[in-house]
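Let's start with one chain on its own, the form predicted on its own, as structure tokens.
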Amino acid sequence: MEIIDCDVHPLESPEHPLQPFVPNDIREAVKQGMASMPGAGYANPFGVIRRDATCVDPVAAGRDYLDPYNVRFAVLQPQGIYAGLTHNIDVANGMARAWNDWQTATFLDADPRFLGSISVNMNDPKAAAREIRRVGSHKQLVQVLVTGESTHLYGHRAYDEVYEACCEMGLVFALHPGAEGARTPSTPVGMPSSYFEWHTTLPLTFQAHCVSLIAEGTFERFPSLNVLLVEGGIGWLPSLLWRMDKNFKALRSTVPWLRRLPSEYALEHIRLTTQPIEEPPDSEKLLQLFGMLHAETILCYSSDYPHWDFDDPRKALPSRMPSDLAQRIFYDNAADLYGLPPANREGRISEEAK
């Protein structure tokens, strides 16, 4: 079947450098190192890029990944996600602009199968909204991309201008892990001591933002806003929604702007990606989990290509999964989210991938 991959990482290279796209007014600041971001202090000892794959050239990525796996659309997650962690606010705004222009000129213009993400500096919501409106009409730009590390939880009203721009331009608001722990501990009770510990606890960030977006009334203020949680896991969602619904029955007076159960907002406005999916010893338990979180409507396939934990679409999900559910996860849910054409039901995986 055809696939929509919601998480592919393009990288700059000597052949496709970012530097020509950096605005003139911040080039001296960039030379002085002011475009650097605070580090979280955690690094994969083996590197995050597969040794047998790359995504620095659109033609090569199309040949090596999109073609053999029958990927009709690949949603790019560029490194501009880190722009909002740059301390200098003007440099951060300029770097977001540079990444957006680089992505369009390098990947989007080269292949219509690539769909782009708009990088913004969430520490300057007014500038972020302007950047969304500057580039958001491009037909291949489908979402606004931010990192899980943030100054406020994303339900905070400081970000309302960003959500207003997303709704105006018909764009999804997407969260992706990125340097959690760079400004504050990546867990609410302290700093992890290893990459393994840090990587395992990343879903805590997504849970906090999810609760905030619902409880602060973001979806009441912006009823057309859709949020995609990328690389945040999926197993935590059912228990979180059960807990929120239970607490809402007794504590709804503390969130008087909510008119429905928290789970109803989540199922209407929030979507999750598969990678890195939890892997129970028995695949039947994963299928049970799919039922608990309404995977038929909210779960979208992602591979994280070309990163170390890439999920091969032929192996990532249980082979016993019903074909109609597979169709929803691999294509239809993302097509609904982004407003993409329906799948070609006659599509097939190429001979190279069999």
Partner chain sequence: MSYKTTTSPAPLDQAFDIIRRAGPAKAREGIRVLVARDVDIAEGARLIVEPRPGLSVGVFRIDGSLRAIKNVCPHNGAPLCRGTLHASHEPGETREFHPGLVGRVLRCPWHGWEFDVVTGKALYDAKSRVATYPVEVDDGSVYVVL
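Positions refer to the first chain, counted from 1. These numbers come from a predicted model, not from an experiment.
One more form of this protein should be noted, the form predicted together with its partner chain, which is absent from this view; the next part is about it.
**Student:** Taking its partner chain as it sits in the model of the complex, is residue 268 near enough to touch it, meaning that at least one heavy atom pair lies within 4.5 angstroms?
**Tutor:** Yes - in the model of the complex, heavy atoms of residue 268 and its partner chain come within 4.5 Å of each other.
**Student:** May I ask you to state whether residue 337 is within 4.5 Å of its partner chain in the model of the complex, using heavy atom distances?
**Tutor:** Yes, residue 337 is a contact residue.
**Student:** Any of the heavy atoms of residue 216 lying within 4.5 Å of its partner chain in the model of the complex?
**Tutor:** Yes, residue 216 sits close enough to its partner chain in the model of the complex that at least one of its heavy atoms falls within 4.5 Å.
**Student:** Hey, in the model of the complex, is residue 126 touching its partner chain, heavy atoms inside 4.5 Å?
**Tutor:** Judged by the heavy-atom cut-off of 4.5 Å, residue 126 is well away from its partner chain in the model of the complex.
**Student:** Please determine, with the chain shown alone, which of 82-90, 105-113, 143-151, 252-260 has non-hydrogen atoms within 4.5 Å of its partner chain in the model of the complex.
**Tutor:** Residues of 252-260 come within 4.5 Å of the partner.
**Student:** Could you work out which of 157, 130, 243, 199 is the residue within 4.5 angstroms of its partner chain in the model of the complex, going by heavy atoms?
**Tutor:** Flagged contact: 157.
**Student:** Under a 4.5 angstroms heavy atom criterion, identify the one residue in 225, 135, 98, 211 near its partner chain in the model of the complex.
**Tutor:** Looking at 225, 135, 98, 211 one by one, just 225 meets the 4.5 Å heavy-atom criterion.
**Student:** If you apply a 4.5 angstroms heavy atom cut-off, which residues in 86-107 are near its partner chain in the model of the complex?
**Tutor:** Contacts from 86-107: none.
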